[in-house]
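Shown below, as C-alpha cells, is a lone chain in the form predicted alone; questions about how it binds or moves come after it.
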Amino acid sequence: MRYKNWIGGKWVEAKSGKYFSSTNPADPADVLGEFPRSDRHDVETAVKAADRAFAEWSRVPAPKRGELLFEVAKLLKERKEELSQLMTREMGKVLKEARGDVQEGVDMTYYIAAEGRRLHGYVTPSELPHKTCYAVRRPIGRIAVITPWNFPLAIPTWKIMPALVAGNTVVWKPASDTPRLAYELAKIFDEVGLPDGVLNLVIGDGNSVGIPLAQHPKINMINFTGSTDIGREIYKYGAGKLNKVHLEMGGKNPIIVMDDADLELALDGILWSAFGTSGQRCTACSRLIIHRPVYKPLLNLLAERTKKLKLGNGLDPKTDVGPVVNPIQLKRIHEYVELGMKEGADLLIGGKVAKKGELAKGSFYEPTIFADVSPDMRIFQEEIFGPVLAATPAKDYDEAIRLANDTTYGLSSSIFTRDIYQAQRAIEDLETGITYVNAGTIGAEVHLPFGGIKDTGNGGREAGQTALDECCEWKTVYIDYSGRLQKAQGID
C-alpha cells in the first residue's frame, strides 16, 4: 500500500511522485508500505497550511483544544495492541517495549489534554494603587517538529500534544525509518476532526525535508530530537531566524555500582538499561562504573546473564533483544566494537553481527560488554547507540563520580547503593538532568521534566509543566483603573 502526506487536512502525494519502502529490520521481506519522498516543495505547502490555520486555532478556547486531545488519547488506547505490533515490525523493539512506547503516548496525551483547563499564568500585586498585573501564556506560532525512530509514538506525543493544546500549529517530519507509525498517529488526528492545517505530516529524509523545514522563514520554533551533530546544525538554522529551538540529543549514561549495592537488583537494572531497545535509547546505559571490591564478581554475573539473552524478532514473546534499526546502524555499531578492541579494551562477551539462522536476514548485533575501559577511549566517550556496554573500575565513590561526569553528555545517570549518604551525594554530584537511585538509567514519567545538560540539549525540558513552557510565550498585562495617568513607581 502507498501512504501519503497529510497537509492542510488532506492526504496528498509528494510533489516528486517518488516513494520509498519501510521494512522490518528483523526481516526486510516484511514491507510495511511505500511512503512519499517529500522535498522542499511539500514543506512549503505544509508551512502555508499551518500558517493559514494558526489564527483560528489559537483563538479556540484551550479547554476545547484539550477536549480534542482527549479523543486522540481514547483512540490511541483502543488501538494500543495494533500500534504496538506495527512498531515492533517497523523499528524492531520487542513487543512488550513497544506496548510501553504506545502507553507513554496515551499517558502524555491524557496528561496534556487536561492542561487545556489550566495553562496557568499568574497574578501579582502592582506597586501602584488601583492597578492589576498578570501574565498569560500565548502560543508561539508555527512549530517544526522533527522526531526520531527509536520512540516513534511516545516522542511525537511529547512534542505535538503540548504544542497543540497551547494553540500552536505544527509541521511534523518523522524519522524515515518509522513513517508508518507517523501515518497512524496523523490518521487518528484526522478521524477526531482536527481542523485543517493545524497538524501537517511531511514524510521524507533530513536533507530534503528536515533542513528546508528548519530553515523556513514562517517557522517560529524548531523542536528536535536526534543526534548531537545534527542538533548543532538545527540550532544554527534557528539562530539565523531568532527562532526558539528545543534540542534533545545524545547521551553517554553511566550506572555506578558501589560495593554495598544489591547486586541482583543492579544486574536487572544494567541489563534493562544497556540492552533494552537494543541499546537504542538516548537514556541507555553505555558506561558501567563499578566499585573495585565488586568489579570482577559483578562482571562475571553480568556476562552469564547476558549470554542468556535471546536475540530475535520482537514479535516472538521469547525474544529479549530485537534488531537494530537498519544495516547502516549495524555497521556503525560494529565499527565502534572493532575500535574498542584496537584501543585495548577487554572484550568480555559479544562483539559480532549475529548471522545464525533467521538472524541472518535482519540487522542483529550481539549484546556486547567491554571490560577495563579507560576514560581516554572513544567507546567510553562517544555515543554508540547500540547494545554495547563499557565497564570501568573505580577505587571509591569520588573516583566513580569523576568517571561518570567525564563526558560531554549529561542526560541520565544511576547509582546502586544502600548508603543513604552516598545516594544523596550522588544526586547532587552527578552532572545530568536525570538521576536514578537503585534503578537503571531509562524510563520517564510524563508529568516530570525530561532532558539533560551539556551536549545533551540546550537547556529546555520536555514533559511535565515544562513542556508547556517550551511551546508558549509569556504576555504581561497591566490594567490601570485609577482614572489618572500613573507614571512609573517613584515618579510623582
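Just so it is clear, the model here is predicted, and its values are computed rather than measured. Note that residue numbering begins at 1 and tracks the sequence as displayed.
Same protein, other form: the form predicted in complex with a small molecule, not shown, and the subject of what follows.
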## Note on the structure
TL;DR on 139-147, 206-214, 155-163, 69-77: the one with heavy atoms within 4.5 Å of the small molecule in the model of the complex is 155-163
### Query
For residue 173, is any heavy atom within 4.5 Å of the small molecule in the model of the complex, or not?
no
### Query
At the 4.5 Å heavy atom threshold, is residue 287 in contact with the small molecule in the model of the complex?
no
### Query
With a 4.5 Å heavy atom cut-off, would you call residue 443 a contact of the small molecule in the model of the complex?
yes
### Task
Answer with yes or no whether residue 366 is in contact with the small molecule in the model of the complex, where contact means some heavy atom within 4.5 Å.
no
### Message
Counting any non-hydrogen atom inside 4.5 Å, which residue from 112, 91, 282, 274 sits next to the small molecule in the model of the complex?
### Response
282
### Task
Could you spot which one of 184, 406, 259, 104 gets a heavy atom to within 4.5 Å of the small molecule in the model of the complex?
104
